[in-house]
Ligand code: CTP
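Before any questions on binding or motion, here is one chain by itself as structure tokens, the form predicted alone.
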């Protein structure tokens, strides 16, 4: 077995609240990130799983940190990433949040208002923490609907990741996915119609291999 690593894994969506009962979010189920956490723990690694709002059981042996918003997740990353060996950024983080969060339920209709939500950009979590990643192995994810390889390669460079996992909308919510893994040397690995558990094992082995390529 390889030397135990400390992996930080993010999973699921974030919720960006408009008021106490409404929010902006996405269809991420969290299954990919939870699969990575489970695979890493089974290999004997220490795992910190930073999870957005999902209804999934915590994998055995995994430390779970529950968050809600993108800024919550960034705070958790800033706490746990510096002491880690690898980061697998599988969460689907909201790009934008409402500029104003109403303290009470927003009753625009009752007041005869025309509903309008002003959005502001959330921080780029991966780019923020990976800017000074040092020796740490970083996996990014990209969900694209067109010109995917070019866009994923650009994200890989911009976010200072070592590997990026490219998949499409069909990956959302399911137990299977078709993914293409790209690294900084331009190598590609296609995983066609695989269970997410299988993809997770590949990612964990990559983290182990880059730590000690002779194993």
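Since we're looking at a predicted model, the values are computed, not measured. Numbering follows the first chain given and starts at 1.
There is another form of this protein, the form predicted in complex with the ligand, and it is not shown here; the text below is about that form.
Interface residue among 159, 45, 38, 31, judged by heavy atoms within 4.5 Å of the ligand in the model of the complex: 159.
Screening 82, 123, 104, 115 for any heavy atom within 4.5 Å of the ligand in the model of the complex leaves a single hit, 123.
Although the partner is absent from the chain shown here, none of 135, 183 and 206 has a heavy atom within 4.5 Å of the ligand in the model of the complex. In the model of the complex, the ligand sits within 4.5 Å of a heavy atom of residue 94. Taking the partner from elsewhere, residue 176 is found to have every heavy atom lying beyond 4.5 Å of the ligand in the model of the complex. A residue is said to contact a partner when one of its heavy atoms sits within 4.5 Å of a partner heavy atom; residue 64 fails this definition for the ligand in the model of the complex, lying far away.
Among heavy atoms of residue 75, none comes within 4.5 Å of the ligand in the model of the complex.
Taking a 4.5 Å heavy atom cutoff to the ligand in the model of the complex, the contacting residues in 126-141 are 126, 140, 141.
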